[in-house]
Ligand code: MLT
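Presented as structure tokens, the chain that follows is alone, the form predicted on its own.
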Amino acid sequence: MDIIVSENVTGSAMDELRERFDVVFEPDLWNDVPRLKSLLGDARAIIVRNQTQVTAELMAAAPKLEVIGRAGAGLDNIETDAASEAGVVVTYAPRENSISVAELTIGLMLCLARKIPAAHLDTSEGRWNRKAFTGIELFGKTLGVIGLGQIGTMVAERAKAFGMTIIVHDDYVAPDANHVKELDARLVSLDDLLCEADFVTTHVPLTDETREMFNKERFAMMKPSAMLINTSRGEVVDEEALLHALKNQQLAGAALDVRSVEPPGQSPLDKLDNVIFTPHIAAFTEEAQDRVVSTVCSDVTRVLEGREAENFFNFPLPRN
């Protein structure tokens, strides 16, 4: 066996991969760890999205493993240190979904500002409550962008076109960096950003430092009129603290594409009318998925054929 695909990774590039290699394609395999372990005993590659937890224990069951392909940008479901120690290449798609995530972020910001989902539901039930859905403009508001990587930069560029003022917090960006200057943005501390921003959007990976970055203390710093958009990782937000902030008018609204547990099941947040939810769809456009799947399948093919991966996290060729 060459490749295991443990989640629903589809597209023309995947079809071509299945023609060239011996592939086990089981979209729900991520949820059956014993079976996944048994199959990995003979596999040279595994392709995952974000649900398969590729742990050191799982990799220990895969002595022939050469490459892990992550169909997406985040790597928090892969124990990358363990992969590197085992000599396994980790490939991913760090840029391919950036436009789609940025566009959804702007869309969620507009939905919050203009109360679009609630207005649609109310009107579709036969009412015509114009005054009930008086919103606010983005023009002239301050957008706080946490994490000025590729996605954060694209969000800021699009927000600037709406006439928004951009402030940024990123510990790894210098104040005189070119993209900060081009955005006419101001680099500030996280506390200052939370105090100043009318809208806050986060584009950070999940790390020990960012886990529950938005907690009770941080929400208390924000304007009561401010709104939060999270299209990064659900664990960045303490959902109990968010619920408290929204119920106590410390925050005007929130839009969440990601949750701390996915799928989240029922939550007290569901009962609030100033929260918008989407089911982790930021990267799920036809264009982005084509790019992501094509990128990952290409790199897995390259490694299995003895060539260097192009989009690797650790090293381009296996070291085992």
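In case it trips you up, residue 1 is the first one in the sequence shown, and so on. The structure displayed is predicted, hence computed values, not measured ones.
There is another form of the same protein, the form predicted together with the named molecule; it is not shown, and what comes next is about it.
- Although the partner is absent from this view, Asn97 contacts the named molecule in the predicted bound form, with a non-hydrogen atom inside 4.5 angstroms.
- Of the heavy atoms in Asn50, some are within 4.5 Å of the named molecule in the predicted bound form.
- Mapping the unseen interface onto this chain, Arg44 falls outside it, with no heavy atom inside 4.5 Å of the named molecule in the predicted bound form.
- The named molecule is not drawn, but in the predicted bound form it has a heavy atom within 4.5 Å of Gly74.
- Taken together, Arg70, Arg233 and Ala283 are fully in contact with the named molecule in the predicted bound form: each brings a heavy atom within 4.5 Å.
- The chain is drawn here without the named molecule; in the predicted bound form, the stretch among 33-41, 275-283, 247-255, 56-64 whose residues come within 4.5 Å of it by any heavy atom is 275-283.
- Residues are counted as partner-facing when one of their heavy atoms sits within 4.5 Å of the named molecule in the predicted bound form; in 139-161 not one qualifies.
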